[in-house]
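Read the single chain below, which is given as structure tokens and is the form predicted on its own.
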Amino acid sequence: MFIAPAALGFVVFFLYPALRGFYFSLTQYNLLGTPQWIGFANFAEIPHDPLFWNSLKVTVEYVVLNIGFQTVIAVLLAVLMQRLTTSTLVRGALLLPWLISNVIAALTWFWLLDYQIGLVNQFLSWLGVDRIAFFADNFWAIPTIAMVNIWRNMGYTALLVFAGLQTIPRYVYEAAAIDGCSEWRAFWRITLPLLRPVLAMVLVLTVTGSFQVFDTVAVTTKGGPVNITRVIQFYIYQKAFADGQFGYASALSVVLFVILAVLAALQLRLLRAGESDLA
């Protein structure tokens, strides 16, 4: 009885749409007609689709930047929260960007980084530095989108890491200090190893979320310039709602699901998420 509401929500909003999406991936379908069964023809077409490989490459580039910087900054913020402040207000302030809608955050940065009137480019001009087309330049577009999402999500990620830090007993650090262990060495030899299960969970969540980036691209670059920011989730959206190829878009979604499932399994296995050095 207690799990029935959650189970019902899972079936209605996750399991049924997933199964229906897999069915559509085996059909040729648009909203104006009836699904026509074509078997695995959509999946056979994907390896020969250059835009799919481009979108996958762009997505991987974004994920590497986003996860790399976000994880490092989040761990640093979590350690600073634990060591320097006990203020709930300060800790809560770190969550403010995460509480903002993705679309609002993206549009705010889109205006701040505007080539002509953006405050950031105005500041660069005052410093005598050439203006940068952050969202329109081939080199800067993906790093800029990654920066926007790092800014928005790093507080939430830091909170998860901070929760993991609370599970590490203080006597471990006290024993290390008695043995003459420095703060830096204690971080590498004690903190990070004992954070491994939490970091594994954080990485699975952030990598999965990063592969599904959509709204930041949709309201800023719309996949441009020249496919430089056409991430796989935006490509799936275009195939479904712009080109009307719901069957092919569903097949792309199934492929993305398989990729994320494999990555999650590899992360959990390589990071030994089910084990703890405290045991």
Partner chain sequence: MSTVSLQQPLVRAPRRRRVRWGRGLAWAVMILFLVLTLFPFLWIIRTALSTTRSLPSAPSDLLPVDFTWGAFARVLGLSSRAQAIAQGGSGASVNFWLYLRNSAVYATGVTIGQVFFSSMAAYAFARLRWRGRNLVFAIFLGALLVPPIFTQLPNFILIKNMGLLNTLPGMILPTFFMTPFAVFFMRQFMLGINHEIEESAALDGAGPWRTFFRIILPLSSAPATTLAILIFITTWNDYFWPLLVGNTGSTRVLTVALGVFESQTPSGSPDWAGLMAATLVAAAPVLILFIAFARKIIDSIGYSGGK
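Residue numbers count along the first chain shown, from 1. Everything quoted here is computed from the prediction, not taken from an experiment. Think of the rigid core as the biggest set of C-alphas that the two forms share within 1.5 Å after superposition.
Just so it is clear, the following notes concern the form predicted together with its partner chain, a form of the same protein that is not shown.
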{"item": "Residues I3, P97 and Q122 all lining its partner chain in the predicted complex, heavy atom within 4.5 Å", "value": "yes"}
{"item": "Contact flag, L127 vs its partner chain in the predicted complex, heavy atom cut 4.5 Å", "value": "no"}
{"item": "Close approach of N54 to its partner chain in the predicted complex, 4.5 Å, heavy atom", "value": "no"}
{"item": "Contact label in the predicted complex: N42 to its partner chain, heavy atom within 4.5 Å", "value": "no"}
{"item": "Heavy atom of T27 within 4.5 Å of its partner chain in the predicted complex", "value": "no"}
{"item": "In the predicted complex: members of 108 to 131 within 4.5 Å of its partner chain, any heavy atom", "value": "T108, W109, F110, W111, L112, D114, I117, L119, Q122"}
{"item": "After fitting the core, F10 CA displacement of 2 Å or more between the shown form and the other one", "value": "yes"}
